[in-house]
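One chain follows as structure tokens, the form predicted alone.
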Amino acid sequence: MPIAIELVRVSKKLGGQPVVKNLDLKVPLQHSLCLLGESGCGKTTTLRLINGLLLADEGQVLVEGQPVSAANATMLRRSMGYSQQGSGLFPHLTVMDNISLIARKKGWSGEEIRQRSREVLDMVQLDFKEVSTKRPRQLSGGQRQRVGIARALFLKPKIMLMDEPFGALDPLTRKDVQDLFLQLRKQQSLTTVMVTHDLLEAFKMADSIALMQGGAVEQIGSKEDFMNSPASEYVERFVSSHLEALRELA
């Protein structure tokens, strides 16, 4: 299977403190990887290294075989979809202006933008006539998150990066938007890397999971690997604590 994203011995310091340490990761084409872990473990920094918002101090980040550098980071970033918690929409822009912002900067015509806006809003099960002229404050939380996904899909990316994309949603809406994205991922043949602190979300959304601690990967594998063969005491405690919390709520 071809490799879409690869990190080779990648390290990064922020404020003089090591945040990512000698990280090795491979994400095959059309595969879904979840970066899982507690706050401060380095998962969001890893995502930003992949899309070039940060550059590695040591090692190499490759996207479709191309090293991420200062010279090409902006171009590579625009070739990838990016969805984040709270949708990240500009409050003063309409839905259509939000989702087509980069396309307009790239010189798309008004008709091209209108047609693609209809397509992507239909993908996320929103009615173009109903929402295209609204501003984010006029939408529900679930609608805003769907618009955020539509924006990420606008330029037809092969790779989607997601930073806690469902974290701000109530449980029922969260499940609906998760299920929607799972369908879209399959339909669009996307390679995805998603950040979460929620073990059950990782189990649901990813083909493989990389549990991080202190800037390094503690274990990478499938749901079954984490449930049946934890690689360390930390992994066992992390999994057990989440499952115990779930049982207490039951």
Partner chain sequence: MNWLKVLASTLILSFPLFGTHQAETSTSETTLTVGSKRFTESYILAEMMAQLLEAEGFRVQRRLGLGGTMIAFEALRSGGLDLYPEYTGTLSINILRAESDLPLEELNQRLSDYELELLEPFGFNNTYAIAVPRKLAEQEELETIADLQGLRWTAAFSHEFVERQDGWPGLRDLYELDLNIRPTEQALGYQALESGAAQVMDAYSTDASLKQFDLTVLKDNESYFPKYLAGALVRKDLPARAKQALSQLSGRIDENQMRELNTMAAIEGLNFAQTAAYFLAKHDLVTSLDGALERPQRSQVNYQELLRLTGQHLVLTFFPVFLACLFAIPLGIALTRKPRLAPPVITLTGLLQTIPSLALLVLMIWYYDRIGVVPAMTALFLYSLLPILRNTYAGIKNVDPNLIESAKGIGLYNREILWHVEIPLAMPIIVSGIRTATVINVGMATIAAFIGAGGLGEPIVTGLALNDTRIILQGAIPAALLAIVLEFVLERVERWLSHRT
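Since the model is a prediction, treat every value here as computed from it, not as a measurement. Positions refer to the first chain, counted from 1.
There is another form of the same protein, the form predicted together with the partner chain; it is not shown, and what comes next is about it.
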{"item": "Per-stretch contact check against the partner chain in the predicted bound form, the hit in 164-172, 134-142, 120-128, 107-115 (non-hydrogen atom, 4.5 angstroms)", "value": "134-142"}
{"item": "Heavy atom distance at most 4.5 Å to the partner chain in the predicted bound form, all of L53, L89 and L101", "value": "yes"}
{"item": "Close approach of Q84 to the partner chain in the predicted bound form, 4.5 Å, heavy atom", "value": "yes"}
{"item": "Heavy atom of R77 within 4.5 Å of the partner chain in the predicted bound form", "value": "yes"}
{"item": "K223 within 4.5 Å of the partner chain in the predicted bound form, heavy atoms", "value": "no"}
{"item": "Contact test in the predicted bound form: R48 vs the partner chain, heavy atoms, 4.5 Å", "value": "yes"}
